[in-house]
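The data below hold one chain only, encoded as structure tokens and taken in the form predicted alone.
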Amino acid sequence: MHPAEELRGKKNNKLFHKRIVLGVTGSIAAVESIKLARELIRHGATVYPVMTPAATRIIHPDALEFATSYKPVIQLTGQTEHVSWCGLVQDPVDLLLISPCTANTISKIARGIDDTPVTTCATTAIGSKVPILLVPAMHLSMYDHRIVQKNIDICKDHGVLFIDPFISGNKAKLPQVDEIVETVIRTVGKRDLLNKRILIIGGATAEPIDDIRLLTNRSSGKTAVFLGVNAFERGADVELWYGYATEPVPSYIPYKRFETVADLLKLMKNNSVKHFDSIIVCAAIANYIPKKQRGKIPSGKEKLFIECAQAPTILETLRSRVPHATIIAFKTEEKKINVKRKTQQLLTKHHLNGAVGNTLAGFGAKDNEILILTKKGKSTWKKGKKEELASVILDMIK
């Protein structure tokens, strides 16, 4: 068994049975193609490498052969590799991914020039309507060149997809490998949420007690982030409103931060929620807001009493602002025996389209057990990793 096969599907099978041609061009970022190929394989993909002559001067073809188990095409032969992969009507590959993609290669693709194995694959793929995803990487002066930008637009007009580079100083750098892989999943996946505009509200609120201390909870933000990633993978236009939490947000998920209930209400006011089709509220939002004291409460007191007032109900405000949107909210109870009754009450009271119930056991953990309730009365318990449960929750809004 080739070492690459030992990696296949180690992370998940989201790209299982997906065949990807990985084109590598002569950017110094070509050194990242080994890591990218391996990560695609960890998600289940089969990767066929193709290289320009300039790319072979940056990384040796043997390295890509080791990474993928397939000998890279560095010169087209009588096997007509470009047609076998990107030109077949009945069984073409699922994607031509060119990463990194130089200004030279972008411009050649735009103008129909195919003098390298990579550009010939691109010409064939455009003619056969095989999806193409380009990941530019170059000096910023080249990326900002008006003719290069015009050629990018020409490519886009022909259906070619792009991942924007990460701009740092005077360089248009390759994005993180995980962003490229997630965009590949989004491009070749089931895309059942395509054109859906989804807002995820997650994380915890943190209400100040004084100028230093906060009243918050143990929400990690994992569920919110996994929901955002899963929605992105399935083609949705997703945005995350993210509270006080520790789970990092991937670079490809747009997000806005909030800390208090007042911040969240302000977001609803200043950033219209009316353009969202669906909203999932999995945030651990404070039920009570402490009366903030100025400065720092002195330490050394034997007893400390904090006066709290009931917090505004976010779901009421949300439903009034987006009466026609699909809204799904979470309800947490200490004991499982109370979850169904309380979750049903939440669903009915706030005219939700669905509700998710769980217990305190899910806070901060990787796994969870949830109750799915729909407006139509369907009730199902699901148990598993939060990443897997995110997909089940999103199925409620299809």
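Counting begins at 1, following the sequence as shown. Just so we're clear, the structure is a prediction, and the values are computed from it rather than from any experiment.
From this point on, the text means the form predicted together with a small molecule, which you will not see here.
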Inset, instruction - Find the only residue in 44, 362, 354, 26 having a heavy atom within 4.5 Å of the small molecule in the model of the complex. - result: 26
Legend entry - Option touching the small molecule, based on a heavy atom within 4.5 Å in the model of the complex, out of 285, 193, 199, 137: 137
Inset, instruction - Find out whether any non-hydrogen atom of residue 133 is located within 4.5 angstroms of the small molecule in the model of the complex, and reply yes or no. - result: no
Legend entry - Contact of residue 103 with the small molecule in the model of the complex (heavy atom, 4.5 Å): yes
Inset, instruction - Report whether the minimum heavy atom distance between residue 63 and the small molecule in the model of the complex is within 4.5 Å. - result: no
Legend entry - Non-hydrogen atom contact residue 54 with the small molecule in the model of the complex at 4.5 angstroms: yes
Legend entry - Whether 58, 116 and 142 all lie within 4.5 angstroms of the small molecule in the model of the complex by heavy atom: yes
Legend entry - Interface segment, criterion being heavy atoms within 4.5 Å of the small molecule in the model of the complex, picked from 221-229, 258-266, 95-103, 150-158: 95-103
